[in-house]
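Before any questions on how it binds or moves, here is one chain, the form predicted alone, in structure tokens.
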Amino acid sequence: MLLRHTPAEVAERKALTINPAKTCQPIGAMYASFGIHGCLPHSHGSQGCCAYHRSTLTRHYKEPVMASTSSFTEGASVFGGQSNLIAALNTIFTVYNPDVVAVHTTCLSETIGDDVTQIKKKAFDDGKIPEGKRIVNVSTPSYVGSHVTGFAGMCAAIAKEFCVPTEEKTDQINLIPGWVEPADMRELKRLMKEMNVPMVMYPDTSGVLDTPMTGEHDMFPKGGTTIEQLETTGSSFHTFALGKFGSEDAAREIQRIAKTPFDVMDLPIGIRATDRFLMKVSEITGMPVPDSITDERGRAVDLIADMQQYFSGKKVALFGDPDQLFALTEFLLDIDMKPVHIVSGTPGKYFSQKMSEIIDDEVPTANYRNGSRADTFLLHQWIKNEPVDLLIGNSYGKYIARDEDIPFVRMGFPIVDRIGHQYFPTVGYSGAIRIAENILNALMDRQDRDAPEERFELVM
């Protein structure tokens, strides 16, 4: 039966979330931590919490995800976890010797009221932390926010720990990519290299969660932003934060510390968002967009023009993280599709404001909502009342797609039933081609499946 019990009649719910379109803050904090070279994420809470966060990331990336835990027992749950964390840090540096430990809290340690900043200071004062080692900490209870806010919090904490202000600025920029895949981070670095723009990007999970098979396990892969690079973020003359929800907090922290101006840009997903990002980089740095990138744009536009008949007028429902949804919704409109149902579990008043700017004039009847009750149950109800031609979202959308017999494109986090998403970018013009290809394949497969024999075409 799967979800076929979902009623079509929408009833407002004040205290019940069903199948949330998000996951918890510590997962986002853990993912951001992997973007720092030589960093071991540490979950300050129970073993079960850490196991869940690790398994979710492992299932998405199909890579080993290393993390440590304070291993709360009944005693720590009552009296606090200070001794657990200090003992854990001592063990971590003795056994694994990371350069950085990134501590994020869980519901349990937050409910107790552990002051991790004070515990960290005590560990340093008591000589439990070896010389030269660093500890980052952030508050990430699961009962507020989402994986996106946890990611944003850890990025801001990294800036607070490592950014060093300087009187003179260099010609490099800071690029905070937001929650995107390792392939997207790799693509952003490639685009900046094509433009000859020196930069520091953090976090950078490329080379960490998409490592090559060598036959040997490396506790700390070669990828990630180094401490030395992070310490130069204060000397950069400008910061680009991609995605307001995932990156703005870190950009503001760098501005507070080093007086570095910043721009918050949409994630460069699709044609227009990529255009805006590259032109703004060109404006700020004085470096022109090279012909090689312009050619990539032309190829993306050519593909869309060639296959416009399959996109035109198709209704789409989508769910996921707000930063991705903003740019993706704009891209769908640009290729003449109709996003009619949009939900994100991540809270924040900016969502409705931004989405109204993107979609209200284009699809006046569209439904969009974010926050606690903006869940996939609500999305399913909306679809029952106004059916769609395509569903876009993470793996949890497959239940709705099966029950309602809708073509489904997987995009976002987590994707646990397919592989390859960490290897193929969705940002930039090459990412636009990838997204358009996936949408086309889904729609054309459905056309083949449903076509009567006399309309079953070889060339489409």
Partner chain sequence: MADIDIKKSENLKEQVMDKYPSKVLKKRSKQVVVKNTDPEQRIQANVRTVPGIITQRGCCYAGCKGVVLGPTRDIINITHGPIGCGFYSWLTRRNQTKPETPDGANYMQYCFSTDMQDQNIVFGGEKLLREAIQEAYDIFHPSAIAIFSTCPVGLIGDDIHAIAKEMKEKFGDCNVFGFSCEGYKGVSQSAGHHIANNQIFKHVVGTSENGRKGKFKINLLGEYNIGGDAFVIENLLERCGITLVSTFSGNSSIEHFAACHTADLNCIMCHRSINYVAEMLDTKYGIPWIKINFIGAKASAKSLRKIAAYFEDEELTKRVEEVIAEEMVGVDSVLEEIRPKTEGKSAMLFVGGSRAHHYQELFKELGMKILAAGYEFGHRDDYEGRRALSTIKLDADTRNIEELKVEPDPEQYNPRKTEEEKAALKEKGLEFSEYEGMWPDMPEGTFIIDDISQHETEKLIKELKPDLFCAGIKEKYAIQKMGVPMKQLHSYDYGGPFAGFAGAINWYREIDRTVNSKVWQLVGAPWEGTGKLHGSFIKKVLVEEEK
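This one's a predicted model, so the numbers in the text were calculated from it and none came from an experiment. Residue numbers count along the first chain shown, from 1.
As for the form predicted in complex with its partner chain, it is not shown, yet the points below apply to it.
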Inset, instruction - Please name which of the stretches 164-172, 138-146, 238-246, 259-267 has residues with heavy atoms lying within 4.5 Å of its partner chain in the predicted complex. - result: 138-146
Legend entry - The unique member of Gln118, Thr294, Thr73, Gln308 whose heavy atoms fall within 4.5 Å of its partner chain in the predicted complex: Thr73
Inset, instruction - Go through Thr274, Ser206, Thr329, Asn84 and name the one with a heavy atom inside 4.5 Å of its partner chain in the predicted complex. - result: Asn84
Inset, instruction - Verify the flagged residues Thr232, Ser282 and Ile359 against its partner chain in the predicted complex: is each one within 4.5 Å by a non-hydrogen atom? - result: no
Legend entry - Proximity of Thr58 to its partner chain in the predicted complex, heavy atoms at 4.5 Å: yes
Legend entry - Interface membership of Gly38, its partner chain in the predicted complex, 4.5 Å heavy atom rule: no
Inset, instruction - Answer for Asn438 alone: is it within 4.5 Å of its partner chain in the predicted complex, judged on heavy atom distances? - result: no
Legend entry - Contact of Glu131 with its partner chain in the predicted complex (heavy atom, 4.5 Å): no
Inset, instruction - Using the arrangement in the predicted complex, list in sequence order the residues of 207-225 with any heavy atom within 4.5 angstroms of its partner chain. - result: Thr211, Pro212, Met213, Thr214, Gly215, Glu216, His217, Met219
